[in-house]
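Below you will find one chain, with nothing else, as structure tokens; this is the form predicted alone, and questions on how it binds or moves follow later.
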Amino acid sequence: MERLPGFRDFYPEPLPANEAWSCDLRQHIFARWRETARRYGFREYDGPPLEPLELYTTKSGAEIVSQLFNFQDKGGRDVSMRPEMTPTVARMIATAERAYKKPVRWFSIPQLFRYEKQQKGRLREHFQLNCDLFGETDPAADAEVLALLIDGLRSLGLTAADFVIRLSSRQAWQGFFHGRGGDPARAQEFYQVIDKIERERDEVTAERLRSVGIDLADVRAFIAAGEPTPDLARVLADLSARGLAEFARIDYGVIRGLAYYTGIVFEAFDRKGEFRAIAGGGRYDDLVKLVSGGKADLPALGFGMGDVVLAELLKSRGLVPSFAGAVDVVVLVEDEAMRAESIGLVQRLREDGRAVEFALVPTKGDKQFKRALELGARVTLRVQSTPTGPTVLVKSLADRIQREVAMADSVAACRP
């Protein structure tokens, strides 16, 4: 029986096939994400993978339903597997924001689901780092979130030669559209055309822009000028003060198609242009109010960074570490008369924090040693009987040097 299209199996290393996904790499990415978020003072939260369908249609309109894994549950409720985390966190903040001092800094690593056509770098499920900051309107908050995104990528070994953050502004585009007599009721339609401008043929884009009263040449000139708004200028200055200026630039070709964005928006791309966007986000000051029906009103901004494109980028740049050596110590049970003492030693080593394996059933010594080499163990231990009582032979597999220690000293002898 095969897995469903667009979903993944995650195997421990070594992988059984080239197309298999590594659970070790996934955990490596998660660990770097969590550590970076922690350094920025963000606290981890989570929410349910199943939400009321209304949560997504309220935010994005009825047209989003075609992209969802949605159904009616046994209680007759219209529900959906979560396609993104922002509506969930907005709902949670709207419910409990009085319990937290502002600004609120939260992050999560949810698994998300979208029923859509599979493409390179885009599946029907993925894991995603979501970082959101609530309760601050100053551009300093936007710079803080951007710095977190940059450092999250740097923590995985990526440099300014590998990626760039392209900064834009919904307010800049709003001023452009309204300044040319655009109909406010069609502003979102205009934003969606701009969002696809790099992926669509010029003649198609030109026709769609004409339908909302905008000229493509005018749009191209605005993008080329790249004059930063005051907010964007503040963000660039902040990043420069942190020594991170080389990681970001103004690019009005980015607008992000989601309707709820209200201010600065951004996307991270690899410099070579080989992959889809690595991450994206922006300011969404009205979403908490919308989701809560006006009961709560809190400015917000954040970003999402998925694991699919990021994993492929790390592979292409040779930044995937070796995951061999998950087992630190192998206890060799070559004398079955010493099995009880060996098992006791295994337990003490594990309680000391070592990752330990041993032969569960009688096995030839050479096979046990070969297994230790295959596992990438650092040392082997073998309990032996002596006239004065059991002692332990400790062998370093790096240099094959072996020494004999007393049983009482064997745990300490295995510490790095």
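All residue numbers are counted from 1 along the displayed sequence. This structure is a prediction, so every number in the text was calculated from the model and none was measured.
Form predicted together with a small molecule: not shown, discussed below.
Trainee: Please check if G302 has a heavy atom lying within 4.5 Å of any heavy atom of the small molecule in the predicted complex.
Mentor: So G302 counts as contacting the small molecule.
Trainee: Residue-level contact is defined here as any heavy atom of the residue lying within 4.5 Å of the small molecule in the predicted complex; does G152 satisfy this criterion?
Mentor: Judged by the heavy-atom cut-off of 4.5 Å, G152 is well away from the small molecule in the predicted complex.
Trainee: With the partner left out of view, is R339 within 4.5 angstroms of the small molecule in the predicted complex by any non-hydrogen atom?
Mentor: Because no heavy atom of R339 falls inside 4.5 Å of the small molecule in the predicted complex, the answer is no.
Trainee: With the cut-off set at 4.5 Å between non-hydrogen atoms, does G306 touch the small molecule in the predicted complex?
Mentor: Flag for G306 set to yes.
Trainee: The small molecule is absent from this chain, but in the predicted complex, do D132, L258 and Y261 each have a non-hydrogen atom within 4.5 Å of it?
Mentor: Yes, all three are in contact.
Trainee: Have a look at I278, V291, L167, V331 for me and say which one sits with a heavy atom within 4.5 Å of the small molecule in the predicted complex.
Mentor: Contact check passes for I278.
Trainee: Answer with one of R208, R91, R105, R114: the residue that has a non-hydrogen atom within 4.5 Å of the small molecule in the predicted complex.
Mentor: Filtering the options by heavy-atom distance leaves R114.
Trainee: Only one of 282-290, 247-255, 136-144, 196-204 has heavy atoms within 4.5 Å of the small molecule in the predicted complex; I'd like to know which.
Mentor: Heavy atoms within 4.5 Å of the small molecule in the predicted complex occur in 282-290.
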